[in-house]
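The data below hold one chain only, encoded as structure tokens and taken in the form predicted on its own.
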């Protein structure tokens, strides 16, 4: 039987560390100013989010999301012992694409040096914070049906260039960081039901779409970008908007349900699962999910304290972080649950 297995894992974050006490003084170019730009502080951010610091790209360097994806992909390919030319499908999850179109996956393909007339299939998926689980479900289905043999699944985000560095935007701005994570998913022959990807499930509720969104442009308008991008007067058009309380409540409820569903459908218990890796949106959300789903606290892995919310990248980035620390090891069984804008959510169980 053909099963999908994670062959390699890699992640990348920019070198610049931005701590909470810097945030109040940053302008929109991430340059510290003498006067306070945003009314917030370290205590306020930690209490609400659990975040202590995050990573930002060098704005002046012209870094793109596909650049972050490239670094994570190279590391995942090296870890898997797979040449980029062996990849026959790229799935890239992001809400911060290089440009509106074409998709960012084709830019990544080209930077990997595997473009050309015989280039592999490239998919961009727009499931925001749920992108990794949605992408893993796609990769698993492609491989099980024999469509592809080796899939590069990437989550990459460059948030810092699209945040509102003012008091008006602080509830969203303090949450996000830049980074990327990638896995190589490959076909293996095995009759072991606990080998590779054991379970995936993805879901959505479109009635929550306007509780967390970024317009940037409005296709119903002519022109579709109908504001002065330098004036910053129309914040709702330019910057992410969030109804925080609704997002928090829906995230906790759906992540708990998705987690319990994964165990019920597979017949597994927490004795079987080595690690719980939730999406890193807010440490308070993850703590609530652990409590209500009765997850052993010592099995829950978080990295939001150091990276903030890197959206589609958080799951592979978190796993790779703790692998480097020596906690996560090859062969470990992971249950991951995610929730994002849309609303979208899902869960997956897979062996590393």
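Residue numbers count along the first chain shown, from 1. Keep in mind it's a predicted model, so treat the numbers as computed, not measured.
The same protein also exists as the form predicted in complex with a small molecule; that form is not shown, yet it is the one meant from here on.
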field: Contact residue in the model of the complex, from 141, 242, 121, 257 (heavy atom within 4.5 Å of the small molecule)
entry: 242
- prompt: Just one of 158, 153, 76, 129 has a heavy atom within 4.5 Å of the small molecule in the model of the complex. Which one?
  reply: 129
query: Is residue 176 close to the small molecule in the model of the complex, meaning a heavy atom pair under 4.5 Å apart or at it?
result: yes
message: When the contact criterion is heavy atoms within 4.5 Å, does residue 198 count as touching the small molecule in the model of the complex?
response: no
query: Applying a 4.5 Å heavy atom distance criterion, does residue 282 contact the small molecule in the model of the complex?
result: yes
Residue 291, heavy atom within 4.5 angstroms of the small molecule in the model of the complex: no
task: Would you mind picking out the stretch of 201 to 209, 244 to 252, 132 to 140, 264 to 272 that comes within 4.5 angstroms of the small molecule in the model of the complex, counting non-hydrogen atoms?
output: 244 to 252
